[in-house]
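In structure tokens, the next block holds one chain alone, the form predicted alone.
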């Protein structure tokens, strides 16, 4: 399997970024939904710290993926794919990328405006505050935005997955197959 993508298939690095982010978002969503239901006690600090570090990791992976995408060729859309679906796919991908940045940034803003303790990425790298200190108004805005953006990401990701399944089972094209981790459309029979 090639590192770079080509006209037929996504390359191994693009697949790595895609599936790693998918897995991390599923973990992140689960942790986030559980942690907000927990009582605010000192023993939950580790869970919140994990959630914050994982969010910053997703943000970093999204940056790396976007950087790689700028230099990596993209597989061609199936010739049978209507123009409206091509446009819809481009809009959907742009929305997903926007949300992959906006959700972690809004969480970082919540943490910064809370100013409870310094933020450390995985307990090692100090992450600077975006606000320079506590700010109740920014915190309230960022918390609402973080929740709204998360649910928007969940819906967009579900739609993305649903469309991949539609392509696989109804259109019977290679849109899903070419992104599967072990698939190589170039060498498929």
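Remember, predicted model here, so these are calculated numbers, not experimental data. Residue numbers count along the first chain shown, from 1.
Another form exists, predicted in complex with protoporphyrin IX containing FE; not displayed. Remarks below refer to it.
Visitor: With the cut-off set at 4.5 Å between non-hydrogen atoms, does residue 169 touch protoporphyrin IX containing FE in the predicted complex?
Guide: Because no heavy atom of residue 169 falls inside 4.5 Å of protoporphyrin IX containing FE in the predicted complex, the answer is no.
Visitor: Is it the case that residue 138, even though its partner is missing from this view, gets within 4.5 Å of protoporphyrin IX containing FE in the predicted complex, heavy atoms only?
Guide: Residue 138 lies outside the contact set for protoporphyrin IX containing FE.
Visitor: Could you confirm whether residue 45 comes within 4.5 Å of protoporphyrin IX containing FE in the predicted complex, counting heavy atoms only?
Guide: Looking in the predicted complex, residue contacts with protoporphyrin IX containing FE do not include residue 45, since no heavy atom lies within 4.5 Å.
Visitor: Is residue 113 one of the residues lying within 4.5 Å of protoporphyrin IX containing FE in the predicted complex, judged by heavy atom distances?
Guide: Residue-level check for residue 113: no, no contact with protoporphyrin IX containing FE.
Visitor: Between the options 155, 60, 35, 125, which residue brings a heavy atom to within 4.5 Å of protoporphyrin IX containing FE in the predicted complex?
Guide: Comparing distances to protoporphyrin IX containing FE in the predicted complex, the residue within 4.5 Å is 35.
Visitor: Which residues from 1-35 come close to protoporphyrin IX containing FE in the predicted complex, meaning a heavy atom within 4.5 Å?
Guide: 10, 18, 19, 22, 25, 28, 29, 32, 33, 35, in sequence order.
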